[in-house]
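Just the one chain here, laid out as structure tokens, in the form predicted alone.
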Amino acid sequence: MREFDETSVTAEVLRRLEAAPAPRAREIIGALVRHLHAFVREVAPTEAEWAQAIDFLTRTGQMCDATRQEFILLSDTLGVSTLVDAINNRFPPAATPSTVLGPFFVADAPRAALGADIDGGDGSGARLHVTAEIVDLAGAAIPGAVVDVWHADAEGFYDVQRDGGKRRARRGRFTADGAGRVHFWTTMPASYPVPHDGPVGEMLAATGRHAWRPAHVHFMIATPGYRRLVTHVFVAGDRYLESDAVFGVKEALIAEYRAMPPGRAPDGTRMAAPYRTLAYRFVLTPEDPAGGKSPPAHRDGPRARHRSARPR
């Protein structure tokens, strides 16, 4: 019979992991044990605090269902999602940086023709014309790239959060033309809070943090021979750029959504009212010459979405 104290128990747990058949599992679980035990020794929780922590994790799991993934939200708001993204997407400085996928990507986005209006007709924000240019590190156009686009409406809601998620709006999948360009119409996105009616919201409140994300448009760009790029383009001047709840903002991803007077738009459309334009160049990086490829955008279908409990 062995008796363990607050210092010896860690070594014994690690010793029992030595026979793990999978080296990677032994490495990951061993590191978890070392850091978790060090954390507990550092903060010295009372038994009541430890019970509170277990309750928090239990309720986090209980909030998860087919339309909400509270653990992903917890990962996002603790900066872990951004950390994992950064580790897995070490692009060269000249390439457009990646950022978190977010919970509102869906795999079956409708195909859209260049120049299409993807707003869906129910948007109340200013009209927005977007031009995206897809190039390589040398600046050469990448024709035929598949570009997924999605964003929130003027009230901060995504299509999957409205009407049971049955109708697609402000979402589309385009194919770049021979000059590596994609252009379309939509409406301006708005900043919005991540769901904060559960344990993650309690954590944010307890640490004096808000739940808001700055306004942005999501882009996912994929084409053979290049690393898939998952990123956002944020609206310059948004009040939450310096305090994004999920730590997704990068300086290179902030762009001017230019206010334009009535007149002829970039695609020749005559606009009777003021509108906005976004023009952004996305620089892709080649796939790993050793054969490494980008991880898939999702596993087992679309990611579970963060259902919003915000008032309409």
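Since the model is a prediction, treat every value here as computed from it, not as a measurement. Quick note: we count residues from 1 along the sequence shown, nothing fancier.
Beyond the structure shown, there is the form predicted in complex with ligand BEZ, which is absent from this document and is the topic of what follows.
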Ligand BEZ in the predicted bound form: contacted by all of 102, 192 and 216, heavy atom 4.5 Å: yes
Of the listed stretches (170 to 178, 71 to 79, 112 to 120, 235 to 243), which one has a non-hydrogen atom within 4.5 Å of ligand BEZ in the predicted bound form? 71 to 79
At a 4.5 angstroms cut-off on non-hydrogen atoms, which residues of 145 to 171 are near ligand BEZ in the predicted bound form? List them in order. 158
